[in-house]
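In structure tokens, the next block holds one chain alone, the form predicted on its own.
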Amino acid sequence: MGKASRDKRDIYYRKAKEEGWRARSAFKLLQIDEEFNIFEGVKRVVDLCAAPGSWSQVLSRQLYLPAKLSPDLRDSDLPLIVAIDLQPMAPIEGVIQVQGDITNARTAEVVIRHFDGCKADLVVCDGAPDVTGLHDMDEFVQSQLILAGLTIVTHVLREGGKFIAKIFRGKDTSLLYCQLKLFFPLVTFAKPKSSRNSSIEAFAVCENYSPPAGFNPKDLHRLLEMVGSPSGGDDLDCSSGWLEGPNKVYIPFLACGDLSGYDSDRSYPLPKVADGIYKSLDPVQPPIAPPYKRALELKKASSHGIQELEKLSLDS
């Protein structure tokens, strides 16, 4: 499929390139903000699983750049944005990059150092594993990624702060919802207009961080496991089965963004241009160290080795 036909198919893919976003996912965070006003009063923010950086771009454009252009603001009062990922990404103005693992609490210490000992007002996470297409498997792995993100959240988020994380909806969604409710009185699952209806993706919008009284971050996993046991005991596997029937949990679910706007599942014609020839734009920022880079190098080396063997056999 050529670039032009791909542009024609996905309106948000095309709009992202036209507006200078690194990925179409930028619109998802913008539409969540339209509904929940998550950037209000935010001075310190953490972007987990940030690469290739579209959400960090949104944070830079919505928080850092307006503050930088304000004549009354001193440099010491500029918003601080810390982006964390295992993969490096190209620089973004106003964004401090940390190459780290969100499952490691030491990463939280690095973040707090960048905040001069203060804590974040907002933590966002658009990370996801490589999907398999097996929805139960993908949902489970994604929920574990969110709980790993919660490890960082419990260390770096101030009380009253917000946490936004990508989720995959499925039969165990009620368990994840109850686990998040341990720490956030208000949890809403939101579906931005730019997220395809054909996708099980949604976003958990968690507000007013309020950890349990006497909470110790070392007890996080024990607390999360107790949510999955009807008696709160340690003898049962963490399961959402008991959250059905008479104990059924009803999860607030909200569509957000301009609901009469572009449909992410619909094909739109290419815009008409003066000379009649539509020119597809190149990616805003190609990945600088993609995980598949090593695989391509090995494939190329393997192909080169086969050619050398064939040449030797012909010469002989």
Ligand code: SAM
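Nothing here was measured: the structure is a model prediction, and the numbers come from that model. Residue indices: 1-based, along the sequence shown.
As for the form predicted together with ligand SAM, it is not shown, yet the points below apply to it.
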Contact test in the predicted complex: E207 vs ligand SAM, heavy atoms, 4.5 Å:
no
Using a 4.5 Å heavy atom cut-off, state whether L59 contacts ligand SAM in the predicted complex.
no
May I ask you to check whether E225 falls inside a 4.5 Å heavy atom distance of ligand SAM in the predicted complex?
no
Is there any non-hydrogen atom of I38 lying within 4.5 Å of ligand SAM in the predicted complex?
no
The stretch from 156-164, 109-117, 170-178, 94-102 that lies within 4.5 Å of ligand SAM in the predicted complex, judged by heavy atoms, is 94-102
Since the partner isn't included here, can you check whether ligand SAM sits close to all of A51, S54 and D126 in the predicted complex (heavy atom within 4.5 Å for each)?
yes
Of L86, V131, L186, L73, which residue is found within 4.5 angstroms of ligand SAM in the predicted complex when only non-hydrogen atoms are counted?
L86
Only one of L80, L145, L122, A202 gets a heavy atom within 4.5 Å of ligand SAM in the predicted complex. Which one?
L145
Using a 4.5 Å cut-off on heavy atoms, what residues in 17-45 are near ligand SAM in the predicted complex?
A23, S25
